[in-house]
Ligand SMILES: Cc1cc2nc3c(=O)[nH]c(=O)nc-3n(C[C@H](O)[C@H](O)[C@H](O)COP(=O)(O)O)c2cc1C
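For reference, the chain that follows is the form predicted alone, supplied as structure tokens.
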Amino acid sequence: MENTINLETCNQCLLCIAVCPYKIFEKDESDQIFLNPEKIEFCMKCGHCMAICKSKSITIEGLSYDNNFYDLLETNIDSDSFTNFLANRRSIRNFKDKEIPKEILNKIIDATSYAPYGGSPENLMITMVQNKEILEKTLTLMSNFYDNLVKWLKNPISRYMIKRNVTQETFNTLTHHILPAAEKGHYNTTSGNDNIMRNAPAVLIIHANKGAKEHTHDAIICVTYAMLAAQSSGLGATIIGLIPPAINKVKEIKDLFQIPEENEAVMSLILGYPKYKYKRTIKREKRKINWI
């Protein structure tokens, strides 16, 4: 199948020209719409052209109106309702000992398909872990990883090598956020505490091939959609930054989570039914804003 436009049904509204990010659609000398063959390679299958075409005259390779599109319903979420929804979301770290039905987890995964992306949606992979035995095994391995991290950061040579191989942001996070807590045994599980995955009944991991374009930013957007979808389903969720580094550095954890060797874990989300109900939200100071 190729990228095509059916000129017999096309009503020449020109909206495909207006919405295509790479301006693949153009008009020829006779005012007929055509797809510029020199630009077709830039098509990222965003579906804008097919979504806006009233006559369904456009076909993009890999997409079909029957399988990939459905008519939109009118939204009834006003600004105040949306803000209140966001205000009710809390980072949940205390969960009920209750299994999440698979259909709810599938709805959360389905919601991520609406997330915008910079590269290609196929770049990201999602692993949903519910197996308690695997979660317990990986928790012990993660705990050991962070115990070792303390030793590495305390050793001048390994600390120097770590600093050279990570970004300034990551190094500052390690030394000013992770290390102080790890030194005090916060991530150690020998006392029976789980301050990494928080005894969550489900963990969602987003990963991608290490060289896949835009996959880091796309994963951040994707996990945000999953987090909000969890909120709408009556679940609590928290993005956990401790899990991906342990996956990427400890092969046994990566194998237990069945993540391909060539992939790197980027984001993770713990999920479960909230054990407690919050009575109020916190009003934080506004970000530094510069109006120009």
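All residue numbers refer to positions in the sequence shown, first residue = 1. Here the structure is a predicted model, which means the values were calculated and not measured.
If you look for the form predicted in complex with the named molecule, you will not find it shown, but the lines that follow are about it.
J.: Is residue 283 part of the interface with the named molecule in the predicted complex - any heavy atom within 4.5 Å?
T.: The answer is no: residue 283 has no heavy atom within 4.5 Å of the named molecule.
J.: Please run the contact check for residue 238 against the named molecule in the predicted complex: heavy atoms, 4.5 angstroms, yes or no?
T.: Residue 238: yes, in contact with the named molecule in the predicted complex.
J.: If we define contact as a non-hydrogen atom of the residue within 4.5 angstroms of the partner, is residue 242 a contact of the named molecule in the predicted complex?
T.: Yes, contact at 4.5 Å.
J.: Using a 4.5 Å heavy atom cut-off, state whether residue 159 contacts the named molecule in the predicted complex.
T.: So residue 159 does not count as contacting the named molecule.
J.: Of 172, 193, 91, 131, which one comes within 4.5 Å of the named molecule in the predicted complex, counting heavy atoms only?
T.: Selected option: 91.
J.: Can you pick out, from 247, 226, 58, 267, the residue that has a heavy atom within 4.5 Å of the named molecule in the predicted complex?
T.: The residue in contact is 267.
J.: Counting only non-hydrogen atoms, choose the one of 83 to 91, 159 to 167, 120 to 128, 104 to 112 that falls within 4.5 Å of the named molecule in the predicted complex.
T.: Stretch with heavy atoms near the partner: 83 to 91.
J.: What residues, if any, in 131 to 153 have a non-hydrogen atom within 4.5 angstroms of the named molecule in the predicted complex?
T.: Heavy-atom contacts to the named molecule in the predicted complex: nothing from 131 to 153.
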